[in-house]
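Shown here is one chain on its own, the form predicted on its own, set out as structure tokens.
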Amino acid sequence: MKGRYADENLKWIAPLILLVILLPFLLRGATFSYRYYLYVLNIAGIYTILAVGLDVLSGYTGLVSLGHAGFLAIGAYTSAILVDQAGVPFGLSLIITPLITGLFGIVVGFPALRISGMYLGLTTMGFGFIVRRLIIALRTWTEGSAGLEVTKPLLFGFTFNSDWDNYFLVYTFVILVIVSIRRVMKSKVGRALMAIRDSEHAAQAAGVNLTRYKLFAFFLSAVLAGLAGVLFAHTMRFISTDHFDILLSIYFIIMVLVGGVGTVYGAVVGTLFIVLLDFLAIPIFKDWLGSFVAVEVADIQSLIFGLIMFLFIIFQPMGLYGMWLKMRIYWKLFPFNPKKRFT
């Protein structure tokens, strides 16, 4: 029998997918600047894929990573080189590149077998710096810090020429990733990862292979970051080292924290909240504040994101999705709930 604290009803999934499909048409009919909104939504979708992977690593397994911008960079540059310089089809790159990035994830995951917490975070942060230096050093293929132009995605003979086309490409993978990762986290693998997060000693005593599952968590997280990198490179059509700094890794951490760690849907909600805030709300606030004092967008962004992270950690550690679950539980327990009054 399904208890009152069981997971949410999933009947809303199908209407939500329908809304994702219809959203571009609604935007086109509602505003003249719909192309910019589609661009923002594409960024949100790409970051959602990476944030879900980061949540698998940090939220479900409890392993801190401050280097996911490095995995995103590996995915972006690897796909750009494979497609534009090696002549690999884009569809094949969608398979090869995430696997290559996953191998880097395994390499980075080896220190997690010995260290954890702050020390693991510093190790992964160092990995992000190493990736940026390698991109500059391998300028023969990457063009160094000058940046690299990337071709449009070409899949099954169809060229994705605009943000409108890219929207359907990106969100097809977003839906597939969310459904797949949610099923994985509900399986034996997900329970093993959560056991490691809660207590490594208890998990090992219960028969969980720490080495195997920790490396798998890094591999799966890096694979999703690599997939996000492929989509980022070919939909943005230009990449450079400026896109993949340490602030971007912190940006991803904030998305997971705000949405709610240890929940797939929380990573999605947190990413949408932060990206929409960054691209839509902060520029408006900057224009208003600029009428009083001279201020840069980056300064406002750092201030607002730091404040948001502080407030959520102190007052709402379960994030936006946790807030929604609390509201649902309160409604179920409320003594005057008409659905529960005579049961």
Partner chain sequence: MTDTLGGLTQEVVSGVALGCIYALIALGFTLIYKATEVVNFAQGELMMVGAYVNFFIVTALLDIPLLNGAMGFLLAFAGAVAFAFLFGTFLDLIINRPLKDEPVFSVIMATISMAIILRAVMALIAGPMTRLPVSPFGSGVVKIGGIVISVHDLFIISSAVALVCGFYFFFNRTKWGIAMKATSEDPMAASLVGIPVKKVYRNVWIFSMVVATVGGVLLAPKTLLDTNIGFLGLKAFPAAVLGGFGSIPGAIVGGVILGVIETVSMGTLSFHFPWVKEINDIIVWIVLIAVLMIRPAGIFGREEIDRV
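Please read all numbers here as calculations on a predicted model, not as lab measurements. Positions refer to the first chain, counted from 1.
The protein also exists as the form predicted in complex with its partner chain; that form is not presented, and the subsequent description refers to it.
Each of Arg114, Leu122 and Ile246 within 4.5 Å of its partner chain in the predicted complex, by any heavy atom, yes or no? Spot residues vs its partner chain: full contact, yes.
Name the single residue among Phe238, Phe158, Phe129, Phe168 that comes within 4.5 Å of its partner chain in the predicted complex, judging by heavy atoms. By the 4.5 Å heavy-atom cutoff, the listed residue in contact is Phe129.
Counting non-hydrogen atoms within 4.5 angstroms of its partner chain in the predicted complex, say which of Gln204, Gln85, Thr151, Ser145 makes the cut. Looking at the other structure, the residue within range turns out to be Gln204.
Sort through 246 to 254, 69 to 77, 263 to 271, 93 to 101 and report the only stretch with a non-hydrogen atom within 4.5 Å of its partner chain in the predicted complex. It is 246 to 254 that comes within 4.5 Å of the partner.
Test of understanding: in the predicted complex, would Ala137 fall inside 4.5 Å of its partner chain by heavy atoms? Contact with its partner chain, yes.
Given that the partner is absent here, does Leu215 sit within 4.5 Å of its partner chain in the predicted complex, heavy atoms only? No.
Is there any non-hydrogen atom of Arg133 lying within 4.5 Å of its partner chain in the predicted complex? Residue-level check for Arg133: yes, a contact with its partner chain.
Whether Leu307 contacts its partner chain in the predicted complex should be assessed with a 4.5 Å heavy atom distance threshold; does it? Because a heavy atom of Leu307 falls inside 4.5 Å of its partner chain in the predicted complex, the answer is yes.
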